[in-house]
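Shown here is one chain on its own, the form predicted alone, set out as C-alpha cells.
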C-alpha cells in the first residue's frame, strides 16, 4: 500500500500545529477533508491544503516531505501506524504517543517524546532540551516506549522519566536524567554536568565517565551484571552501538542520596 504523502510547498512563515495529522485522526477522511484540516497557531486561518500538496494513500503510513522546525506536534498522541518525516521538526514531536512508529530524518525541537507511554520515536539528527521529559506544569515525563537519537540531545533529557527507554548515541547536555523516577537512559557520548540530579530510581548508562558528578552519589565499584547484558539484548534492535556499551563491565554509582537514593549511574571504564 502506498503512503499518504504530504509535501510542504515552502517553509512556513508561522508555527503550525501538526498534531491533527496522525493515522487514527485521519482514518476514513477523503482528500478534501484532510486538506480542510486547520493547523494554525495564530489568528490567521491556515489549512493542510494551504501548506501541503497531498497524494492520497494509506493513512496508517504517513510521509511528510520538506518539513521544517516550525512544524510542532508531529506525531503527538499517535496510537498506531507510522509517520516518516523528511526534514527537521519543532517542539513536542511524538508527545503523548501510546503506540506506532515516528521516524524523523532530521533534528527535533524540545520535549520530543514528552509524556509518551508506548511506541517508538527515532530521530536521525539531534534533539532539543527535555527529550522524553516532563512538559510545563507536569510532574511526570516519559512513561513507556522507546526513543532513539542518533545525534546529540540538549539539557535535562529524561527529566522526571517514569518508565521506558531513551538511547542517545551522541552527547547529552547538563542534568541528563534529572529527577528520574524509573526507566533507562543511555548516553553513548559525553554527558554534561550533574547527570542523575535528584533522581530517585532508574538507570543511567554513560559511554564516558562524567567530569562533574553530584557529590551525593556513592561509588560502588566495577560490575559485570547479567541484568545489563539482558538489557543489551533488548536494545540491540534499536541501537547496536548502545548494546555494545551495555554488554561490558561498567562502574556503578548509587544515588541520588539527596533524595530516595535508589537510582544508579553506570559509566564506561578505561
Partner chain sequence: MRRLTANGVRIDDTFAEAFDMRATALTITADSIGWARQAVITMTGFATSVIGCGCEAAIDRELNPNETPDGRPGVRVLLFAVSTAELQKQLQNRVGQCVLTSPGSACYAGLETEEKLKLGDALRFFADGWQISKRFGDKHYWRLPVMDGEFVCEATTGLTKTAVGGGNLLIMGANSRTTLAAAEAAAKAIHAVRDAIMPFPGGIARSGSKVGSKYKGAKASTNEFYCPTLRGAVATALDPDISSVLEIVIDGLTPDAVGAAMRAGLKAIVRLGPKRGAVRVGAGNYGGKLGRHHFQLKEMLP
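Residue numbers count along the first chain shown, from 1. Just so it is clear, the structure is predicted and the values come from calculations on it, not from any experiment.
There is another form of the same protein, the form predicted in complex with the partner chain; it is not shown, and what comes next is about it.
Novice: Which of 100-108, 68-76, 179-187, 147-155 has heavy atoms within 4.5 Å of the partner chain in the predicted bound form?
Specialist: Stretch 179-187 is the one.
Novice: Evaluate residue 252 for contact with the partner chain in the predicted bound form, applying a 4.5 angstroms cut-off between non-hydrogen atoms, and reply yes or no.
Specialist: Within the cut-off, so yes.
Novice: Though only this chain appears here, would residue 262 touch the partner chain in the predicted bound form if you measure heavy atom gaps against 4.5 Å?
Specialist: Judged by the heavy-atom cut-off of 4.5 Å, residue 262 is in contact with the partner chain in the predicted bound form.
Novice: According to a 4.5 angstroms non-hydrogen atom cut-off, is residue 229 in contact with the partner chain in the predicted bound form?
Specialist: Close contact exists here: in the predicted bound form, residue 229 approaches the partner chain to within 4.5 Å, heavy atoms only.
Novice: Answer yes if any heavy atom of residue 84 is within 4.5 Å of a heavy atom of the partner chain in the predicted bound form; otherwise answer no.
Specialist: Residue 84: no, not in contact with the partner chain in the predicted bound form.
Novice: Counting any non-hydrogen atom inside 4.5 Å, which residue from 218, 212, 31, 233 sits next to the partner chain in the predicted bound form?
Specialist: Going through each option in turn, the one that passes is 233.
Novice: Looking at 36, 222, 225, 54, which is the one with a non-hydrogen atom within 4.5 Å of the partner chain in the predicted bound form?
Specialist: Here the answer is residue option 225.
Novice: Within 191-222, which residues have a heavy atom closer than or equal to 4.5 Å from the partner chain in the predicted bound form?
Specialist: 202, 203 sit within 4.5 Å of the partner.
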